[in-house]
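Here we start with a single chain on its own, the form predicted alone, put down as C-alpha cells.
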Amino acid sequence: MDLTAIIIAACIVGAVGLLAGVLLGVAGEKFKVAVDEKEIQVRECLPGNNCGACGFPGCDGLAAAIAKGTAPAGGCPVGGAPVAARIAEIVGGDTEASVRKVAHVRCAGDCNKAKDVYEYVGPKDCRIAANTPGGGPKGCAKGCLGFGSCVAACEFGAITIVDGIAHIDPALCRSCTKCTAVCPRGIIEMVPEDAGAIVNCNSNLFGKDIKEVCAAGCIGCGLCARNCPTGAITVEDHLAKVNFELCTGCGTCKEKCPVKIIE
C-alpha cells in the first residue's frame, strides 16, 4: 500500500472535518437563539404537569411568560404557594399565589338516589357509555355515570368511585383539570378551595321531573336564593348556582335546601 496515498487521504479527511467544524461553529453562533436564564430557572421550579390549568401551553409557556413579566409568580395552580415563593425569589414581584382551585363533582346521585333506566353491559368507560341510548343508563342525563374515566385520568389518586359516583379528595387534587376534560357529562368543575357553598347537582329538569329519576336533584325551588343574605345564589334554568365571590359560607342555603344538596 502506498504510504503517500494514505497520508494524503488522512490529510483530506482531517481538512474536511476541520472545515465542517468551523462552519458548524459559525452557523451555531449566527443562528443561535438567546435563552433567558430566568426562564430556565423558573421552568425548573414548575412541577412539569403540563396540564394547561395556568392558561398557558404547558409549563414551558408559563415559564416564558413569568420571565417576561406577563404572568405572575404565582401563576401555577398546581405548585401553589411554595412554588410561587421560589419563583418570586428568581424574578421578583408578588409572592402571593393565585387562589387554588380544586375539582368538584356536581352530582350527588349515587346508586341509592339515582335511578337507572336500563342495564348497561358495555365497557366501563364514561365516554363510551355516554354514546349509548339516552346518553347512558342513568335516568338523569346530566348525572355522574360512575364508570371512572376521571379516575383513570387523574395522576394523583384524588378520585375514587363510591356507590356509583365519583368523589374527589381536595387534599390530593393538584388542579390539573384533566378530569374536567375527560368527563363526557361536563359535571366536574374547578371551584375555589375555600368555596363557601357548592350545589351538588347539574340537572336542568323541572322539579317533578328530576324527582322521578333522582332523589338528590335540585328542584329549582329558589329557597336558597331567596334566603341568601348576600345574593350569592341564583336559580337559572331550574338549577341553583353559587357566585363564589359573593358567598360567605354562612350556611343559610344549606339549611333551607329541601333536598339537602348544598354543601
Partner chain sequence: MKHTFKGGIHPYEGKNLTEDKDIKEFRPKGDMVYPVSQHIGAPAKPLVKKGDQVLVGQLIAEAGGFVSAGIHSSVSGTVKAIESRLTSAGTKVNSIVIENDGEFRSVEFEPDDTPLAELTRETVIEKIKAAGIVGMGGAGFPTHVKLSPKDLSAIDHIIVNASECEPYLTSDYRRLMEQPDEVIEGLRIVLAIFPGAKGIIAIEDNKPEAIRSLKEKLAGDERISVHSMKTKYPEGAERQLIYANTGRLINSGMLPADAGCIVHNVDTIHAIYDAVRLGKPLTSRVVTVTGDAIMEPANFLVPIGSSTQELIEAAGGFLNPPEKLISGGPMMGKAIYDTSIPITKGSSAVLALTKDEVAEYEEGPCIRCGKCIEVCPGRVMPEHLANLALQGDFEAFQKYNGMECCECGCCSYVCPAKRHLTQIIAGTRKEILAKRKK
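Residue numbers count along the first chain shown, from 1. Since we're looking at a predicted model, the values are computed, not measured.
Keep in mind the form predicted together with its partner chain is missing from the figure; the text below concerns it.
Chemist: Which of 157, 82, 92, 122 has a heavy atom within 4.5 Å of its partner chain in the model of the complex?
Modeler: None of the other options qualify; the answer is 122.
Chemist: Could you check which residue among 172, 117, 111, 99 gets a heavy atom within 4.5 Å of its partner chain in the model of the complex?
Modeler: None of the others qualify; the residue that does is 117.
Chemist: Among 164-172, 84-92, 100-108, 127-135, which stretch sits within 4.5 Å of its partner chain in the model of the complex, heavy atoms only?
Modeler: So the stretch in question is 127-135.
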